[in-house]
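As C-alpha coordinates, one chain now follows by itself in the form predicted on its own.
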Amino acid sequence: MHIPDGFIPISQCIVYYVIVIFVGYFAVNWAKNNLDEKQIPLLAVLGAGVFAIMAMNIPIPWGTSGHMIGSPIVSILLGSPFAGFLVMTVVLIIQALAFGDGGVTVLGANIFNMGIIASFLGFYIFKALKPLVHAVPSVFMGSFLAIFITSIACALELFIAGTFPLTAGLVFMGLYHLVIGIFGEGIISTIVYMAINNLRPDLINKKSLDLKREN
(Lines give C-alpha, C1' and ligand atoms only; values in the text may rest on other atoms or scores of the structure.)
Protein backbone atom coordinates (compact mmCIF):
# COMPACT_ATOMS: atom_id res chain seq x y z
CA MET A 1 0.00 0.00 0.00
CA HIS A 2 3.08 2.21 -0.02
CA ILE A 3 2.74 4.94 -2.65
CA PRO A 4 6.02 5.75 -4.45
CA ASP A 5 7.34 9.21 -5.27
CA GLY A 6 5.86 10.74 -8.40
CA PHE A 7 2.50 9.01 -8.10
CA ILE A 8 0.78 12.04 -6.52
CA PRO A 9 1.20 15.70 -7.59
CA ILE A 10 3.11 17.89 -5.13
CA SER A 11 0.06 20.09 -4.57
CA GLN A 12 -1.89 17.06 -3.34
CA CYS A 13 1.07 15.80 -1.32
CA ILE A 14 1.07 19.07 0.61
CA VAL A 15 -2.58 18.56 1.59
CA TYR A 16 -1.77 15.14 3.07
CA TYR A 17 1.21 16.54 4.94
CA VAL A 18 -0.94 19.27 6.48
CA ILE A 19 -3.50 16.72 7.68
CA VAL A 20 -0.76 14.51 9.14
CA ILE A 21 0.88 17.42 10.98
CA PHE A 22 -2.51 18.45 12.39
CA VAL A 23 -3.26 14.93 13.67
CA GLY A 24 0.33 14.56 14.85
CA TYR A 25 -0.05 17.52 17.19
CA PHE A 26 -2.92 15.83 19.02
CA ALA A 27 -1.17 12.44 18.92
CA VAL A 28 1.91 13.81 20.67
CA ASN A 29 -0.26 15.44 23.34
CA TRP A 30 -2.11 12.16 23.83
CA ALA A 31 1.18 10.30 24.28
CA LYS A 32 2.43 12.81 26.85
CA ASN A 33 -0.73 12.54 28.90
CA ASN A 34 -1.60 8.85 28.59
CA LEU A 35 1.38 6.56 28.00
CA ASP A 36 2.83 5.06 31.18
CA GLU A 37 5.90 2.94 31.96
CA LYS A 38 4.05 -0.27 31.08
CA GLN A 39 2.64 0.87 27.78
CA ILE A 40 5.77 2.45 26.32
CA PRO A 41 7.63 -0.91 26.03
CA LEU A 42 4.49 -2.47 24.53
CA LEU A 43 4.33 0.36 22.00
CA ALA A 44 7.96 -0.28 21.06
CA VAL A 45 7.44 -4.04 20.68
CA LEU A 46 4.32 -3.52 18.59
CA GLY A 47 6.22 -1.02 16.45
CA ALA A 48 8.90 -3.63 15.72
CA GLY A 49 6.18 -6.13 14.84
CA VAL A 50 4.47 -3.65 12.52
CA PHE A 51 7.78 -2.97 10.79
CA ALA A 52 8.28 -6.71 10.23
CA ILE A 53 4.83 -7.52 8.85
CA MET A 54 4.90 -4.53 6.51
CA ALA A 55 8.10 -5.86 4.96
CA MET A 56 6.11 -8.71 3.41
CA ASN A 57 4.85 -6.99 0.24
CA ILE A 58 2.78 -8.41 -2.60
CA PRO A 59 3.15 -6.37 -5.83
CA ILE A 60 -0.10 -4.93 -7.21
CA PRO A 61 -0.46 -3.77 -10.84
CA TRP A 62 0.24 -0.05 -11.56
CA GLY A 63 2.98 0.31 -9.01
CA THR A 64 1.79 -0.05 -5.41
CA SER A 65 1.76 -3.10 -3.12
CA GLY A 66 -0.40 -5.12 -0.77
CA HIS A 67 0.61 -5.94 2.78
CA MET A 68 -0.61 -6.01 6.36
CA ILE A 69 -0.60 -2.75 8.32
CA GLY A 70 -0.78 -3.42 12.07
CA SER A 71 -1.93 0.04 13.16
CA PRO A 72 -5.51 -1.10 13.99
CA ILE A 73 -4.39 -3.64 16.62
CA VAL A 74 -1.90 -1.13 18.07
CA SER A 75 -4.75 1.36 18.45
CA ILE A 76 -7.00 -1.24 20.06
CA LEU A 77 -4.42 -2.49 22.54
CA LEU A 78 -3.26 0.98 23.60
CA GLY A 79 -6.80 2.37 23.69
CA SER A 80 -6.44 5.17 21.16
CA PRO A 81 -6.06 5.60 17.39
CA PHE A 82 -3.26 8.04 18.17
CA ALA A 83 -1.13 5.07 19.25
CA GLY A 84 -1.48 3.45 15.84
CA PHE A 85 -0.78 6.79 14.19
CA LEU A 86 2.46 7.32 16.12
CA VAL A 87 3.77 3.81 15.47
CA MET A 88 2.91 3.96 11.80
CA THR A 89 4.47 7.40 11.40
CA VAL A 90 7.80 6.24 12.82
CA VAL A 91 7.76 3.02 10.79
CA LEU A 92 6.89 4.76 7.52
CA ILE A 93 9.56 7.43 8.00
CA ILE A 94 12.23 4.76 8.56
CA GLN A 95 11.00 2.73 5.59
CA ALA A 96 10.97 5.75 3.28
CA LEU A 97 14.36 7.16 4.30
CA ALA A 98 16.35 3.97 4.92
CA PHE A 99 14.75 1.36 2.67
CA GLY A 100 13.10 3.30 -0.13
CA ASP A 101 9.76 1.67 0.68
CA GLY A 102 7.33 4.46 -0.18
CA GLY A 103 8.43 7.92 -1.24
CA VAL A 104 9.41 11.03 0.71
CA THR A 105 7.16 13.45 -1.17
CA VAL A 106 4.21 11.09 -0.66
CA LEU A 107 5.08 10.25 2.95
CA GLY A 108 2.17 12.37 4.13
CA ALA A 109 -0.22 10.39 1.94
CA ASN A 110 1.12 7.06 3.19
CA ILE A 111 0.82 8.16 6.82
CA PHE A 112 -2.65 9.51 6.09
CA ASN A 113 -3.75 6.12 4.77
CA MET A 114 -2.01 3.67 7.07
CA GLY A 115 -1.61 5.86 10.14
CA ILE A 116 -4.84 7.85 10.19
CA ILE A 117 -7.53 6.07 8.18
CA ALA A 118 -6.54 2.54 9.27
CA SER A 119 -5.93 3.46 12.93
CA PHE A 120 -9.16 5.40 13.41
CA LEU A 121 -11.28 2.90 11.46
CA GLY A 122 -9.87 -0.11 13.29
CA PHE A 123 -10.30 1.49 16.70
CA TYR A 124 -13.81 2.85 16.25
CA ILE A 125 -15.15 -0.19 14.42
CA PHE A 126 -13.91 -2.25 17.37
CA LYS A 127 -15.56 0.18 19.81
CA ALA A 128 -18.83 0.10 17.87
CA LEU A 129 -18.98 -3.70 17.65
CA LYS A 130 -17.82 -4.46 21.20
CA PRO A 131 -21.22 -3.80 22.87
CA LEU A 132 -22.84 -6.16 20.36
CA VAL A 133 -20.37 -9.05 20.23
CA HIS A 134 -17.36 -10.42 22.08
CA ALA A 135 -14.08 -8.50 21.98
CA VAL A 136 -12.36 -11.16 19.87
CA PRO A 137 -14.62 -10.94 16.77
CA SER A 138 -14.63 -7.17 17.23
CA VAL A 139 -10.83 -7.15 16.94
CA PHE A 140 -11.03 -9.28 13.79
CA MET A 141 -13.67 -7.12 12.11
CA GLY A 142 -12.00 -3.86 13.11
CA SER A 143 -8.63 -4.96 11.75
CA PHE A 144 -10.05 -6.54 8.59
CA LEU A 145 -12.34 -3.65 7.65
CA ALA A 146 -9.66 -1.08 8.46
CA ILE A 147 -7.15 -2.47 5.97
CA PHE A 148 -9.79 -3.18 3.33
CA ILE A 149 -11.35 0.29 3.45
CA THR A 150 -7.90 1.90 3.58
CA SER A 151 -6.93 0.09 0.39
CA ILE A 152 -10.03 1.45 -1.32
CA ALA A 153 -9.16 4.95 -0.13
CA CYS A 154 -5.64 4.54 -1.50
CA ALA A 155 -6.99 3.49 -4.90
CA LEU A 156 -9.29 6.52 -4.97
CA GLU A 157 -6.42 8.86 -4.08
CA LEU A 158 -4.28 7.44 -6.90
CA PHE A 159 -7.19 7.83 -9.31
CA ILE A 160 -7.61 11.48 -8.27
CA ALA A 161 -3.86 11.91 -8.79
CA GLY A 162 -4.19 10.50 -12.32
CA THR A 163 -2.11 7.40 -11.59
CA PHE A 164 -4.59 4.51 -11.27
CA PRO A 165 -7.55 3.72 -13.54
CA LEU A 166 -10.50 3.86 -11.18
CA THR A 167 -12.25 0.54 -11.80
CA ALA A 168 -9.11 -1.54 -12.15
CA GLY A 169 -7.54 0.19 -9.15
CA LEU A 170 -10.53 -0.51 -6.94
CA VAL A 171 -10.73 -4.13 -8.11
CA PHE A 172 -7.07 -4.95 -7.65
CA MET A 173 -6.53 -3.05 -4.40
CA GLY A 174 -9.83 -4.29 -3.02
CA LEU A 175 -9.37 -7.96 -3.93
CA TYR A 176 -5.77 -8.15 -2.75
CA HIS A 177 -6.55 -6.49 0.57
CA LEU A 178 -9.75 -8.45 1.02
CA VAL A 179 -7.64 -11.60 1.15
CA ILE A 180 -4.84 -9.96 3.15
CA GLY A 181 -7.41 -8.49 5.54
CA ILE A 182 -9.07 -11.81 6.28
CA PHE A 183 -6.14 -14.22 6.35
CA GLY A 184 -3.47 -11.76 7.46
CA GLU A 185 -4.51 -8.60 9.27
CA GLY A 186 -7.71 -9.96 10.81
CA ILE A 187 -6.43 -13.34 12.00
CA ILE A 188 -3.01 -12.18 13.16
CA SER A 189 -4.44 -9.17 15.01
CA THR A 190 -6.92 -11.45 16.75
CA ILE A 191 -4.17 -13.87 17.79
CA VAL A 192 -2.06 -11.00 19.14
CA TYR A 193 -5.00 -9.62 21.12
CA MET A 194 -5.91 -13.02 22.58
CA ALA A 195 -2.31 -13.78 23.52
CA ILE A 196 -1.76 -10.47 25.31
CA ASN A 197 -5.19 -10.62 26.94
CA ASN A 198 -4.44 -14.10 28.30
CA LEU A 199 -0.84 -13.52 29.37
CA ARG A 200 -0.65 -9.82 30.27
CA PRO A 201 -4.16 -8.33 30.35
CA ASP A 202 -2.81 -5.43 32.40
CA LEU A 203 -1.04 -4.12 29.29
CA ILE A 204 -4.31 -3.53 27.43
CA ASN A 205 -5.93 -0.16 28.00
CA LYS A 206 -9.31 -1.62 28.87
CA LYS A 207 -10.61 1.56 30.46
CA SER A 208 -10.48 3.38 27.13
CA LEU A 209 -12.00 0.37 25.40
CA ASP A 210 -14.79 -0.10 27.96
CA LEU A 211 -13.71 -3.72 28.43
CA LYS A 212 -14.05 -5.97 31.42
CA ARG A 213 -11.03 -8.00 32.43
CA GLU A 214 -12.42 -11.29 31.16
CA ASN A 215 -13.13 -9.90 27.68
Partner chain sequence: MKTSVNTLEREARKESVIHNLDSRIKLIMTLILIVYSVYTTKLLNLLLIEIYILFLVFLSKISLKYYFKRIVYILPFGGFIAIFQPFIRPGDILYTLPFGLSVSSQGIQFGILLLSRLTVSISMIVLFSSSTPMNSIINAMRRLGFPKVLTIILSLTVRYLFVFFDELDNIKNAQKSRCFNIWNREVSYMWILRQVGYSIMMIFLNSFEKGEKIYFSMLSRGYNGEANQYIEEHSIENIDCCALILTIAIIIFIEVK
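Not measured: the values here are computed from a predicted model. Think of the rigid core as the biggest set of C-alphas that the two forms share within 1.5 Å after superposition. Positions refer to the first chain, counted from 1.
The form predicted in complex with its partner chain exists for this protein as well; it is not shown, and the discussion that follows is about that form.
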query	finding
Contact label in the model of the complex: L43 to its partner chain, heavy atom within 4.5 Å	yes
4.5 Å heavy atom contact, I160 and its partner chain in the model of the complex	no
Any non-hydrogen atom of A195 within 4.5 angstroms of its partner chain in the model of the complex	yes
4.5 Å heavy atom contact, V15 and its partner chain in the model of the complex	no
Heavy atom distance at most 4.5 Å to its partner chain in the model of the complex, all of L156, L178 and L209	no
Residues of stretch 93-118 in contact with its partner chain in the model of the complex (4.5 Å, non-hydrogen atom)	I93, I94, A96, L97, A98, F99, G100, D101, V104, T105
Core-superposed comparison between the shown form and the other one, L35 Cα displacement 2 Å or beyond	yes
